[in-house]
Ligand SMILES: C[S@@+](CC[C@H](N)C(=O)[O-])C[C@H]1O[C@@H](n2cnc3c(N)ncnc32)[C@H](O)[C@@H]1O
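Shown here is one chain on its own, the form predicted alone, set out as structure tokens.
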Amino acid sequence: MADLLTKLAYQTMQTGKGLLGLVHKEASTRLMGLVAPEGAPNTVPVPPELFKELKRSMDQLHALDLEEAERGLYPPSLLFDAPWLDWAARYPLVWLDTPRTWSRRQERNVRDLPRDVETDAFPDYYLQNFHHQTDGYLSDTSASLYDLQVEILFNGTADPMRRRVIAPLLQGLGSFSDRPASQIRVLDLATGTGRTLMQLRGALPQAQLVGLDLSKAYLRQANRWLAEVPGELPQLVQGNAEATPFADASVQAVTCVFLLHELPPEARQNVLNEAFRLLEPGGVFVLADSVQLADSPQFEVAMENFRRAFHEPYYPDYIRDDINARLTTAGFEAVSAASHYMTRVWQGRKPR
């Protein structure tokens, strides 16, 4: 009975998310018709069959999410942990921010960042308004709106997609099953506001969790979210995923979610090389990012429109990049990958 109630509640919640997304889409369409600037990138017409394929793929994602919770990979409570009241309070702020976003698009201004930013502290590719987002990743305002904006973009599927790293992570950590859970250390690269760490805490309640990110503002938001999660507070560190402050072979697992598509090719390889360096032999690396043309050609129009509608300067190269080959170049073995809705998940092991 408990499983049935969980399933019904989850399905009801996902329906609600979908309706919220449709309402937002309709409202956004009308608003964009009023404030979209001249010269804004035009999107490619979406064929009707793409909507059907997206819906089918999304349904498969939710079914797998529920199945893995029922199998005990993570607690069912993770399925319902979105901070709805908090997001409801912030929702008007997203709308109020929209004119600024459109203004940047019209002016082709992708370097509209806070004046007090110490630019020398960041790589040049990072100092941009990714997604045309106000302040880029460099202010508390940006950090406070980010999670809600992502959930709107993905119609409530961001956390289910993040949870796709859990199954391969647990499988990979099986090689350390002789150790106490409290001695397992997992590092999340580019942890942002900590939503992935929240999912990992549910699946690994005793493990040592560490999150690294370049943005102090996003780490502050992560600390606020994570302080609400039972258990030991993850350690949060500011740093570049290309060159972290951690010792060789100091962790048993590394995760990285939604980072690579925002990196130029050289930086992409640097992050994979760094993950390899940090892992103890036998450790597992789990990477999640956007689907690519090779594995999801049916979503090519969606990928193209994502590139056109948002400022994603490295996305066209990313969706054509051979991540399997990059992982092998970094030294990983047993590399494999699977796609879930709009997310591709890779895993690789550091040889013993």
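Bear in mind the structure is a predicted one, so any value in this text is a computation, not a measurement. One-based numbering along the sequence shown.
Only in words, not in the display: the form predicted together with the named molecule, which the text now covers.
Among Thr196, Gln252, Thr157, Ser142, the residue placing a heavy atom within 4.5 Å of the named molecule in the predicted complex is Thr196.
Interface residue among Leu78, Ile184, Leu212, Ala167, judged by heavy atoms within 4.5 Å of the named molecule in the predicted complex: Leu212. Screening 107 to 115, 275 to 283, 257 to 265, 174 to 182 for residues having heavy atoms within 4.5 Å of the named molecule in the predicted complex returns a single hit, 257 to 265. In the predicted complex, at least one heavy atom of Arg162 sits within 4.5 Å of the named molecule. Remark: Gly192 counts among the residues lining the named molecule in the predicted complex, judged by a heavy atom distance of 4.5 Å or less. Within 4.5 Å of any heavy atom of the named molecule in the predicted complex lies no heavy atom of Tyr91.
In the predicted complex, Leu200 stays away from the named molecule, with no heavy atom inside 4.5 Å. Taking a 4.5 Å heavy atom cutoff to the named molecule in the predicted complex, the contacting residues in 227 to 241 are Gly239, Asn240, Ala241.
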